[in-house]
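Take a look at this single chain, the form predicted alone, given in structure tokens.
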Amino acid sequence: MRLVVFLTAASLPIAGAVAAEPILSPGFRFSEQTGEALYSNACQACHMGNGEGATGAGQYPALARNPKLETAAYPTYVVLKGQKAMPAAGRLMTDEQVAAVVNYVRTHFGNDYGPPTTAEQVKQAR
């Protein structure tokens, strides 16, 4: 009789590997409060860390130097309600969080758009 042992890749140690803990929000809402943290956790997987967007299994528009972000109402609506492949994140974020991530993308990646949107404006857009 032969004994066959199956190993999974996850059970094999890799020399020099550091176990990184995933950054996850508990529950059904994002816990991050800053625009940068929200972008990092919710947006950059599709729009990339540099905001340049991506093409592959889908089309993810660039946020970098994007004139559509000049008016705060547009990105606020997209974050709240979604558009095309982007899911609606409004029910997962507070008004303050939506304002923070919208302001972040409007002032980073070569964008310099203002004035900043407020939580009150987000509340009205809901």
Ligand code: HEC
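In case it trips you up, residue 1 is the first one in the sequence shown, and so on. Since the model is a prediction, treat every value here as computed from it, not as a measurement.
The following text describes the form predicted in complex with this ligand, which does not appear among the structures shown.
Contact here is defined as any heavy atom lying within 4.5 Å of this ligand in the predicted bound form, and by that definition not a single one of 99, 108 and 125 is a contact residue. In the predicted bound form, this ligand sits beyond 4.5 Å of every heavy atom of residue 51. With a 4.5 Å cutoff on heavy atoms, residue 29 does not count as touching this ligand in the predicted bound form; it lies far away. This ligand in the predicted bound form comes within 4.5 Å of a heavy atom belonging to residue 84. Within this chain, residue 68 lines the site of this ligand in the predicted bound form, having a heavy atom no more than 4.5 Å away.
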